[in-house]
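The chain below stands alone and is given in structure tokens; this is the form predicted on its own.
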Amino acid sequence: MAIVSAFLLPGNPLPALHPDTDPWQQLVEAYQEVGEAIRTARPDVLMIYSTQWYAVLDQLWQARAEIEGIHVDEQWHDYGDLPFRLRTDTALAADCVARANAAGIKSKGVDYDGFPIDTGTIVATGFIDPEAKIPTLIAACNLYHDFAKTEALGAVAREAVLAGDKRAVVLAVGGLSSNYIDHVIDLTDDHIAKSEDDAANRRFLAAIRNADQDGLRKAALDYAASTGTDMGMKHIAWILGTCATIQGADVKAYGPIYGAGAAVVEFRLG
């Protein structure tokens, strides 16, 4: 049927684990606002691409029907654990695997108990759909795919969703600048690690507010070329591939997460 909305969301677990910490409250409130809007819209599927689920050889798609557990983040384990529940639209995942292979993007589904779900996916679904009422389509971030190939991957997912006559919400889970503070801090003193990162983050967010599809692509590529960004902003490529037309963006929140840049953004779709 349609892609009904699309969002850029942070995947770092700290705001989820410590939502009352001052520097993160704006991000948490924006995340909660987005979650309420999505639940009200009652989409058939959440199309998720997280920069924290790494694939090295084939493009991977989550194919297990139901997954739940307790997640311990490999970097931020001192701050707490993350319980999670997920449901997968297995038919849609299988269709994406077939379509991606036909498009020359070697792909396979992963379906086994105890598969290590990444932190970003867990954080996003925890805010958006904690009771796992909305099925998901989850694609990995292949380390060898460039921006253009990731955009093509998103287009494959879009084709599968439209062919299945579904209403979908797109979630691009990832950050902005990727320089973390390299020493222990009081969490209430969190700030963007480098002033030049903060300036670049703000320029990017300003550039996308009124950007169309081509403008968003240019802004993301220019930003990634000039600043150390999360996975070269391939999560924006997922937005571009899954959404036919972009007509700007509403930046709901921006701030630091242990020095790195993070934002909650809703994209306006044509």
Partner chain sequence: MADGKIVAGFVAPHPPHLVYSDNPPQNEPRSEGGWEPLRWAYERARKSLDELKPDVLLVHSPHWQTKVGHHFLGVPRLEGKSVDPIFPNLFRYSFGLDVDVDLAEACCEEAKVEGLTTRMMRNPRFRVDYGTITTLHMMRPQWDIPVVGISANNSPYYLTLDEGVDEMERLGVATRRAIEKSGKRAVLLCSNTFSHWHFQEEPDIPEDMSKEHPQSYEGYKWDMRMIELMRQGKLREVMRLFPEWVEAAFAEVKSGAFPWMLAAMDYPDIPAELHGYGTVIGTGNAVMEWRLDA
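Residue numbers count along the first chain shown, from 1. Please read these numbers as outputs of a predicted model, since none were measured by experiment.
The protein also exists as the form predicted together with its partner chain; that form is not presented, and the subsequent description refers to it.
- Site residues Trp24, Glu36 and Arg85 are none of them in contact with its partner chain in the predicted complex, judged by any heavy atom within 4.5 Å.
- With its partner chain left out of view, the stretch that reaches within 4.5 Å of it through heavy atoms in the predicted complex is, among 42-50, 238-246, 206-214, 58-66, 58-66.
- For Ala225, no non-hydrogen atom is located within 4.5 Å of its partner chain in the predicted complex, even though that partner is not displayed.
- The closest non-hydrogen atom of Val72 lies within 4.5 Å of its partner chain in the predicted complex.
- Contact check for Ala132: no non-hydrogen atom falls within 4.5 Å of its partner chain in the predicted complex.
- Although the partner is absent here, Asp182 is a contact residue: one of its heavy atoms lies within 4.5 angstroms of its partner chain in the predicted complex.
- Comment: its partner chain is not present in this chain, but in the predicted complex one of Asp189, Asp81, Glu196, Asp165 has a heavy atom within 4.5 Å of it, namely Asp81.
- The partner is not shown here, but in the predicted complex the stretch 115-130 reaches within 4.5 angstroms of its partner chain through a heavy atom at Phe115, Pro116.
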